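Read the single chain below, which is given as structure tokens and is the form predicted alone.
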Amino acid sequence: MESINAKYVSQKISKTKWRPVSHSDLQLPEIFATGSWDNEDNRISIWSIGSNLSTSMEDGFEGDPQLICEHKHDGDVLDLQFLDQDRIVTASSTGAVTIFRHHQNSQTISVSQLWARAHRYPCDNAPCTGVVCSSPEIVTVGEDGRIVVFRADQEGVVRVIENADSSTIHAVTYLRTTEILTVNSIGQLKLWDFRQQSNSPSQILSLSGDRVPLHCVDRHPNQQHIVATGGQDGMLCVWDVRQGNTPFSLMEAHTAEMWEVHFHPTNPDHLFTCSEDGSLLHWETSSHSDMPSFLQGGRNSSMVSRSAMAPAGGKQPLISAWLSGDSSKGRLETTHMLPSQTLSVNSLDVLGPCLVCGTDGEAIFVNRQVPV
């Protein structure tokens, strides 16, 4: 656990995201953004863990995250995504969608664009619960059951699917360039194809039995048909959207709501989840049962060398990993990533060997040595 830095920030953190790094240069992520919620004044903040800022730190290792700049945010930040290196899109509990611009020369943040009532009920605002971006396109979802499409280079709304859902849509992600996935409060996973003019989903998958609300969704970066969701009961569900209308597998993960699930973007044998129960889990599935035994155990040690982990890299066909019939035993390992269970861990993001998460304990945790 010695590779974790904790920073207490005097605000409940609802969302954390790394600024993207370019694939061409193998740089490590240094900048991340956070959004807050349930505070008197909510903020969007930009932080750095760059080594150039930590020369004054006593400890030999890079130090705590340093606040670079921040900006007031109207309402709770319910989601946050980088549109590009300089722009961040937020989803607000007021129903607003905002693009903030980070001016790296002056280290300031300004509002670049605002759609004030993107999500609304007939006589009130409806919280905007999720946003996903593929520049310049922005897709948002809300408690009002609407899906709204914007473009960063246009003031108006590009498209609205009015009654996309009769219940709250909790999260959205891209499946492919023209398709999105949404999850809702009655245990459904819906696929939408924007090439079609229809305002109906192209596919609906759902939990069987109790229709537990689903809170988060992510798709496998290489094999888009593999999708992970988490919900109110803390279960991790893995779906194969090519076949069947129910989850491929269900795994007990957390004892309370799962707020986020993320495949590692470049090594999707690894998956991360965080929860209201105060825990953050690192899941690892091995594509090959003949993996060296030292890779099977000892996950609690942060000393595993990253080069030793390389053979498990994302080049292998993962059909046998997340979708193998016997994935429930032996092939799947979980590690607790935080030193102790505290208040809710609301958000996490992972990029390269770096992980950041934010909590209701008014803390940000950064781990720069995630063994992936």
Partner chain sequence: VFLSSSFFKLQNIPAISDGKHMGFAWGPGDILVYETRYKAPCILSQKDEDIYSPILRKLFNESHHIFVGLQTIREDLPSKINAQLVRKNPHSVFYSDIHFITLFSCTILTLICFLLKVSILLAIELIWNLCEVLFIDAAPAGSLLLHLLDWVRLHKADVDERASEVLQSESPAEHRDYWNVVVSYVLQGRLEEVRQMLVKQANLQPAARSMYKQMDTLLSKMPFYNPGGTQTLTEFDVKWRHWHEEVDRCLQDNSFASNRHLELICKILLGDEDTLLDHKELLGTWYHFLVTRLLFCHPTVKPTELHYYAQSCMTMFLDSRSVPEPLDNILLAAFEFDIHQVIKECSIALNNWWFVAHLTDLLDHCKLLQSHNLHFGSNLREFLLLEYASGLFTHHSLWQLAVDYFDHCPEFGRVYLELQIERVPLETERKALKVLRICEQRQMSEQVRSICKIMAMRALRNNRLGSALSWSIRAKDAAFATLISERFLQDYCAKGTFSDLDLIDNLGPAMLLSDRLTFLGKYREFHKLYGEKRFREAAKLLLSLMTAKIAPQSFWMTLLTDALPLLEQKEVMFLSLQEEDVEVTKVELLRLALARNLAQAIVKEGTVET
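Everything numeric in this text was worked out from a predicted model, so none of it was measured. Residue numbers count along the first chain shown, from 1.
A second form of this protein, the form predicted in complex with the partner chain, is not displayed here; the remarks below concern that form.
- Proximity to the partner chain in the predicted complex, defined as a heavy atom within 4.5 Å, holds among Asn105, Thr177, Ser166, Gln197 only for Ser166.
- Taking a 4.5 Å heavy atom cutoff to the partner chain in the predicted complex, the contact residue among Gln81, Asn267, Gln232, Asn222 is Gln232.
- Heavy atoms within 4.5 Å of the partner chain in the predicted complex map, among the stretches 211-219, 108-116, 83-91, 236-244, onto 211-219 alone.
- Using a 4.5 Å cutoff between non-hydrogen atoms, Phe272 does not count as a contact of the partner chain in the predicted complex.
- When the partner chain is considered in the predicted complex, Thr173 lies well away from it, no heavy atom lying within 4.5 Å.
- The partner chain is not shown here, but in the predicted complex it comes within 4.5 Å of a heavy atom of Trp259.
- Taking non-hydrogen atoms only, Glu137 never approaches the partner chain to within 4.5 angstroms in the predicted complex.
- Not one of Trp18, Val157 and Gln203 comes within 4.5 Å of the partner chain in the predicted complex, counting any heavy atom.
- Interface residues of 126-141, taken as those with a heavy atom within 4.5 Å of the partner chain in the predicted complex (partner not displayed), are limited to Pro127.
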